[in-house]
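Just one chain follows, in the form predicted on its own, and it is written as structure tokens.
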């Protein structure tokens, strides 16, 4: 029987956390150094089995399924049905270097990689937008009412300007290279729970929260032009201001604030939380490779449990 392999990168948000849920634009980019990889073997017994060694979990169709694997099991079934292969068994192995619950799109990346692996095993092809549509099935189970930005970035593997309900637009970078260091607080902050808390806060104080979301959305539009013009210093100002706004929204944490402070003190051009907040990761913009090493060392000293690099260029 055939084997298929699918891969997808993690992602980070540059600008637009939480405001993107309410229809404002956001900018996100892939993190190629953090990836999900899914291998699929076809079998004759008709069952879907999923192994996830990284989290020591296993799911077998027809038996009680761990909560983290249930959306993937259902997604695998949907892809199988789409191709008219309901009787084909799937042996799935999921591995990922993307930390779970940190706002780096781990669920989206695994879902995209799973769809692509099944396509490869069945020798079928899907366009990126079809992959996105299928992967969103699992994303909705993982996160409730996701914006779709995670799936868009991981499926397309390129930076995008994203507005919910519209086709993502690729970001055109200017001459400069935008270099980023991503630091993990080590604190899991499930997106669904934080988004729900922000929704309830908005119900209590809609005018204030909507004003903050409007400002974040406006900054995303400005940041797109800054990237196009190739102006890292200006991008750094945007990022740091966005962090201040997200603190007002109420989604930062002492750990995130400490890492942002450490990055700026070490010479980062800008720094902010990335993702839902209350934990997860932060991102710092650095001028060059020497600054990247200096900021990374400062973040480790400040308590970061993991570091990743990302770059945005022409």
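Positions refer to the first chain, counted from 1. All values derive from a computational prediction rather than experimental measurement.
Omitted here: the form predicted together with (R)-mevalonate. The next part is about that form.
Checking 172-180, 87-95, 216-224, 191-199 against (R)-mevalonate in the model of the complex, the stretch whose residues place heavy atoms within 4.5 Å of it is 191-199. The shortest heavy atom separation between residue 18 and (R)-mevalonate in the model of the complex is within 4.5 Å. Contact check for residue 232: every heavy atom lies farther than 4.5 Å from (R)-mevalonate in the model of the complex. Residue contact with (R)-mevalonate in the model of the complex: residue 236 places no heavy atom within 4.5 Å of it. Heavy atoms of residue 276 reach within 4.5 Å of (R)-mevalonate in the model of the complex, making it an interface residue. A heavy atom within 4.5 Å of (R)-mevalonate in the model of the complex is found for one listed residue only; from 117, 159, 76, 149, this is 149.
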